[in-house]
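Read the single chain below, which is given as structure tokens and is the form predicted on its own.
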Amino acid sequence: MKYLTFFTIIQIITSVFTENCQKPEVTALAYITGDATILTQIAFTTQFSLKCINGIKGISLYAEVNGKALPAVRLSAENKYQVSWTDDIKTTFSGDYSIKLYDEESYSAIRKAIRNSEDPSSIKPLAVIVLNNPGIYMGPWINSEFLAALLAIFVSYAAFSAKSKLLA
């Protein structure tokens, strides 16, 4: 009986001190590596600020992108965060990437769902950031060395053809 009372009091105290972010507003900026001519990995960086209507600051956030769990690093006391990751060039696609943000409670619920072989998509994220990848420059269609070799072959052919016509 003593333990039950003790645990009930602890649960009430923790629920009072651990408020959730109500009606979150997220404003985000993003950077994506645009030139992949000599790279094997593409870097994605999203910096965002989180504003809760109930004024909560400094909460721990986690992000999920394409099934990958990532920590959201807090940059300042003004609720500015950053999420960064890299992807292989072969798996990177142009279009929208959804970055789902979770607080500690919902992230632990996701981990519990995965552990129990349940569907984690039923857990609602705190907020979703949509990052648009316009595409990555992979280099020119024809390398300049190849184009120069083709031009040299053409000029040589034209010169030898003209020479043979003049000598004939």
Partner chain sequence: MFIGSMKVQFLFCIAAALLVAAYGEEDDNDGARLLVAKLIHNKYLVENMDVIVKYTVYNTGNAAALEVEITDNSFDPDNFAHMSGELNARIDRVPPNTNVTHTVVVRPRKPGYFNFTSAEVLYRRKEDAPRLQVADSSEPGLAYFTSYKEYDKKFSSHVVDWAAFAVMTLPSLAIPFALWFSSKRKYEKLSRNTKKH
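Everything numeric in this text was worked out from a predicted model, so none of it was measured. Here, rigid core means the biggest group of C-alpha atoms that superpose within 1.5 Å across both forms. Numbering follows the first chain given and starts at 1.
One more form of this protein should be noted, the form predicted together with the partner chain, which is absent from this view; the next part is about it.
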Candidate stretches 95-103, 33-41, 49-57, 123-131, one within 4.5 Å of the partner chain in the predicted bound form by heavy atom: 33-41
Touches the partner chain in the predicted bound form: residue 135 (any heavy atom, 4.5 Å): no
The partner chain contact at residue 68 in the predicted bound form, heavy atom, 4.5 Å: yes
Contact label in the predicted bound form: residue 168 to the partner chain, heavy atom within 4.5 Å: no
is_contact(residue 155, the partner chain) in the predicted bound form, heavy atom dist at most 4.5 Å: yes
Residues of stretch 72-97 in contact with the partner chain in the predicted bound form (4.5 Å, non-hydrogen atom): 73, 74, 75, 76, 80, 82, 84, 85, 86
Rigid core superposition, residue 142 Cα moves 2 angstroms or more between the shown form and the other one: yes
